[in-house]
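Shown next as structure tokens: one chain only, the form predicted alone.
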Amino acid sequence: MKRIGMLTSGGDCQALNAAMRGVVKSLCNAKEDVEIYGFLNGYKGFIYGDFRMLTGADFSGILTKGGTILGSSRTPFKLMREPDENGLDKVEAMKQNYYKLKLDCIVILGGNGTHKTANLLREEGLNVVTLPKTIDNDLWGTDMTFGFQSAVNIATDAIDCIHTTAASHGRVFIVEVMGHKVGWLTLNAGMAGGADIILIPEIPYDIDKVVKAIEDREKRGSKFTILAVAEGAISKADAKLSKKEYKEKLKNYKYPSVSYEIADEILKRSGKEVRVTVPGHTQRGGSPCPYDRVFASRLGSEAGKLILEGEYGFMVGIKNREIIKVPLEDVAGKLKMVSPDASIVKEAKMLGISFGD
């Protein structure tokens, strides 16, 4: 008998259910007797012992379902070692729940912060297997994270829709794409949607060069311009500020987001009318695309294999289209950034896309 705990932590995304289904189906099809303990609402459920027993029926019909049947929440890694309001030691509480339920393993699906805590639990002696979930595709050690391709599709659709109205009215449009620290989602959606300017956190922009790119397009006869802007995009001037100075600026920030600041600066410098569109959490929602369904199922299947073979302390990822296992200590705390010298950036520039640098 295998007793497996399972939880989904952090922001939700497409294919979480598909990944969990993959784990459970692979274990059941191996003719292994399994008990699945689903912890509700992420690490909170693990900390406070809030779980429910799951059966095969719970995983039937969820391959195409978005979100997560277990619920999710954010429990910051930096607060894990701090007692809760009642003085509860969170890490010790998770360990006690693990041993009380006589779990053989805890399967954790999440992104960067989730993996930090997962590695902490590994260091505390728990058997852990993780799956890489995030629309940001910023986890170290894997070429791809599930949820990313689905989010790219949605952000691309938003840019596609903006194209027609931008062309009709001859306006400048900004589509703000999710991504606070990394720009993979904005870069891919921007290229797929035919954006003329792409601004990402890893390449600080010069607003004058952004305006020049817009004016150059107009000189060539283009009546509209579309910018794909990551929510974490930053100007060269702001990038030079210290963390303290930048935080101080944000305290008095008068714009809803950086896209509105960019729109205001374009208006001041060129007089051009700018419209901002923010797809927001639609990028996390809806059914997973076919790629994510297959990918998450493959990851879940491999996670099941690791559990059957008693191999713990790994994240299941993908390299060169092959499913691999990566030691958790190699993953935790590392971000996979877009390098300004990456081939995809160079190729985008060859296509005439401006990065405002």
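Keep in mind that this is a model prediction, so the values were computed, not measured. Just count from 1 along the sequence shown to find any residue number.
Not on display, but discussed next: the form predicted together with ligand F6P.
Judged by heavy atoms within 4.5 Å of ligand F6P in the predicted complex, the contact stretch among the candidates 203-211, 131-139, 258-266, 88-96 is 131-139. Contact with ligand F6P in the predicted complex holds for none of 171, 218 and 220, as no heavy atom of theirs lies within 4.5 Å.
Within this chain, residue 196 is remote from the site of ligand F6P in the predicted complex, having no heavy atom within 4.5 Å. Of the heavy atoms in residue 74, some are within 4.5 Å of ligand F6P in the predicted complex.
Although the partner is absent here, residue 274 sits far enough away that none of its heavy atoms falls within 4.5 Å of ligand F6P in the predicted complex.
Among residues of the shown chain, residue 178 is one whose heavy atoms approach ligand F6P to within 4.5 Å in the predicted complex. Interface residue among 244, 281, 81, 254, judged by heavy atoms within 4.5 Å of ligand F6P in the predicted complex: 281.
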